[in-house]
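Just so you know, structure 1 and structure 2 below are the same protein chain in two forms, each on its own as structure tokens.
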Structure 1
């Protein structure tokens, strides 16, 4: 059995003889490299062997001569840069910048070649010794020796600022050269660009624009000034893009904005005959858009525009709604409001970038001045009445919707929406009963818009009025179907049966109808009460109309469209040639005020006077005499004779409507109080007022005094009680 085999071990031994390095090697190697650096700076690099140079630098670092190599490089580059500095200093004018730029380009090329030769040093020696790389070293030496040279630094800054000033004043400069020089400063470090150029540049720019803005504002109007300011701002942004660092854009635009806009904002907007108000009045969209775009750049700029616009709007609106001359025609008054709203809405859309804060200011201004006139709800309803009677005839559906939307816009501004509802109901009733509505679709569209805005309760009675009109048509068909056996010739009757709760409350005024009409009315009453149980009918003769066939002198025939009262008066002249006012009043029992208006329209309106009045005057007296006008003629067969009446309510009617509105509000306020207290159980007085106002503001703004009175009423009826210790605290009683 053989023993274990021995493993052969190998060992590397050092050379028996020590390799000696030439003691002058480092000096010889550096001399070669130094000569190469000199040749590179002298533009003679084409004859150099970069491979050999790289090997020499490599061996110096490898044999621990890296420090000698690095220090030698510093000395050599410093020496060459000092020579370059002298060349630059010797150049003057534009040649100074050109020489600086040329030398900078040469220096960068030299750095690139030197860095390639000393690449091994950059990779090994520089990181371990915490030195700057060849490239960074070259930039530092250029900065310290060239840029921060006492004879170059000031000249460089002055030359750059002088060229910028020349360009600002209209001269053409070499932008490419400027770009190269400013880029050089940026390449040397952002701090060099900022400290050696940008700070002074911004200070000089501030002084320049301070002086220029002062000169402009003294000799230009607001629009011209804004054009110049906009132009300067654009120029500075372009200047940055052409030859300044992008970091300068925000800083230089801030300077222009401060000196040309922020410092003169108040003076610009209030400038006589050209400021913001003048621009608004004369629809100067371009100037307004320019002001908006410039002022939005500075703090408080848009607030300044908005405040001045709001003040102007409120003052203009106040004059409009308080001017008695402009209040004479309600339709024209509302049209002016709409025109003013459209005008400023267009300005905000086109010039103010449809800014929501400006829209809010516009809305708040309109809400402010529209509610200064407590007749605004009535006037808006009259405007709607005019449009739905005749103003929208022949208008396409889209335009109708546009008009209704504008009306709804004004409606939203009203604080007393319930007052509008009261008037709208009255006007709608007259339109429906007279058959004068332009379009049922338009009427229903408006009701739908009101319903969307204020809820079902707001429009339920309006919808009930339309239901009554449809039901009345069916009732009349049934009535005439039941009268087929009665073939006698007589007047044709059309009755609208109105539900008391849905229609405006009208006093039932007695009137003596002609016998022919009275007979048909009695037949209808018998038919209606026979088909409906538990109902009562009362004739509203003051709301009716009639078509009369009349024969005048020479056999001329016309069909007269008149009111029921006018019909009663005219039918009297079938049996009488002459009647006094007193006789007519006794025969018809029409209320005096209505009778006088009725006679005025029959005898005093030019072209419509089917009666003669003696003596002839506009006013009706009790001893006046009336005759049938046999000589009446008209080119139309059908003649409409309207009733002379004021378009607006008289003062007593206005007071009566206001009183009705106040009475209608009481149960609404009480209901709101009970709802709130039922959920809160205990609440302090001021909080109740706030909650009630919040709940009811979509219909009207309740008066705190009225709220207090309704609380007192609820306490008396034992819905609430006062706290025994705190009189301002209320408790809900279940």
Structure 2
């Protein structure tokens, strides 16, 4: 017994006597387990005791016999699988796959049980010795022994592909079985699925579709082919969802896309009588939509469609604008343009998913061919004139806006917008002066649109014209108020006072007005100049009109609506029975070109023979004789003989207008050059050309040669000089 400081420690000594395990214990244990595995594989598992087996396995591992257990397991399982393999190989035909599937299911069940039994080994021995778990081992062995066995491997692959082929050719196959088998392959590892099935599957599909597409393309037209291709594509996607791994979807669709679409793209698009162009012409929205969605899947598909469409548009457009037949009626021509545009716009919206790149292609094509014909600006203006004169009569506001918006679309395509401006001004002037516009609101709406598009400068003169018309009305009121004392005597005069500069320049030599008219005109002139000092008025006798009350031979009265020139001519017949051309010319002093036209409309137009001409030919000759047609008759009281509305210009007139436009452009170019040089001070020739083009492109496309000439003119006038060292450089001279 120790002292009071020392504690009494109770020690428990370990068992000195080792309990030795029975050296045969491991063998015995293994025998039990081996037998159990055998029973499991023979579907006799019900008689086994889970507890006992687990305990045996546990002890083996505990007493360091894990390796023996593991190796034993490998051996045993290998044996059993070899047996199974023979079974499977023995199966015939269709049964092969079923047998394989069945055995696989069995194996999985067995594996599950074995794993449960050997769970301790899985958790302790396996990680430390870096071996596969029971489950993984089971899969690996299955793969090595069964799947990769020479016979089975090939047979499995062939069977699967064969079934797929059968299904593709219309037979019904067992999809559930397929699904199980492919799932088995996936479970064995993605590389197993890919190497033992997918790769070959894709190759086989590739040759299948290669052949199929060849067959179809020989016998189908484009639309039919596309339907078939679409069907196959859908089918493959469906197939994947039913019994293939989803990782295959993209790969198989790529195969189909390549074989059926990409390889035949050009041929399909260019197919005679059924290709893209045919579809476009006949508005085959379904076919086009299908083509779009299919071609979208392959690289370069949409580009192909777009290029062919662009080419087709440009060709059709080019033909349209160069075809002299179609150009005879400008209004028809422009309507055709609008129709073509609408048509293709609808195609893009309906079939091409409103794809912006296609919209752009449409716009650029139109821009290309509209500008091939340099009369396009004139024709568009004539179209507008027709609409505003009568085409839009009675149309509601919304529809009017729609038509004008469409016109604006065409306007935007024009490169020579300043030419359009010139013609629009001319035509507008005629409309306003003849009082022939369908709706003031429509006119103003169009001007507003032009202003938004091109700026204030473009439309300021047009607006000036409207203002003049309004002001003239007020002036007339004032005039008549001041003439009350004279009312009732003489003809009624209506005057439009036009500000020079706003209206198209028309130098006119005044003709000899009849005495009655002259009197009233003088009165007006006096009145006007009385209220507006410092102004000068000149009568534009080529732009006026008159209403004449005429009494004919049998007493029939008519009111004739004629131009001022025609009035002068007719009034002569108040005092003469018969007049020759020369006499008329001398008396009226109307310019010969205009006089001839005027006489033609009075004497040569059916139903409007106010005058007789001797001889009766259509051409006017110097010694033709004219006399009043007493026998003139018409259904209507009011007869309109005025010279016609705006029409497309004759060659010489066209040349004249074009020359004026070119002249107008010169100062604009010069102003742009000066502006640019003032801010840049020194600039190279090519850069000046670029900048000028950029500044002016909203109105017209300047010709580089003209720009060069303007630069030289500016050098002459000492606004610019060439740099002394670099002759391509110009300097601004302040």
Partner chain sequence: MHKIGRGHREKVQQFMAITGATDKAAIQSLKASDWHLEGAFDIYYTQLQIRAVTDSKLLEELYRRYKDPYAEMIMADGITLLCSDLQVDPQDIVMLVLSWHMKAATMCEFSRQEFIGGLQTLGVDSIDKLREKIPLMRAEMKDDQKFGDIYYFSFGWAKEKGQKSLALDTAIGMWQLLFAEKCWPLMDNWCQFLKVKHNKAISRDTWCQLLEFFKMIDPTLSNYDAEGAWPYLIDEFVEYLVENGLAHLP
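Residue numbers count along the first chain shown, from 1. All values derive from a computational prediction rather than experimental measurement. In this text, rigid core is short for the largest set of C-alphas that superpose within 1.5 Å between two forms.
Remark: the form predicted together with the partner chain is the source of structure 2; structure 1 originates elsewhere. A summary of the domain motion between structure 1 and structure 2 places the hinge between the two rigid parts at 213, out of the options 213, 429, 29, 419. Note on conformational change between structure 1 and structure 2: the chain splits into two rigid parts whose relative rotation, smaller against larger from C-alpha fits, is 7 degrees. After superposing on the rigid core, the C-alpha of residue 177 is displaced by 3.3 Å between structure 1 and structure 2. Superposed on the core, the two forms differ at residue 52, whose C-alpha moves 8.3 Å between structure 1 and structure 2.
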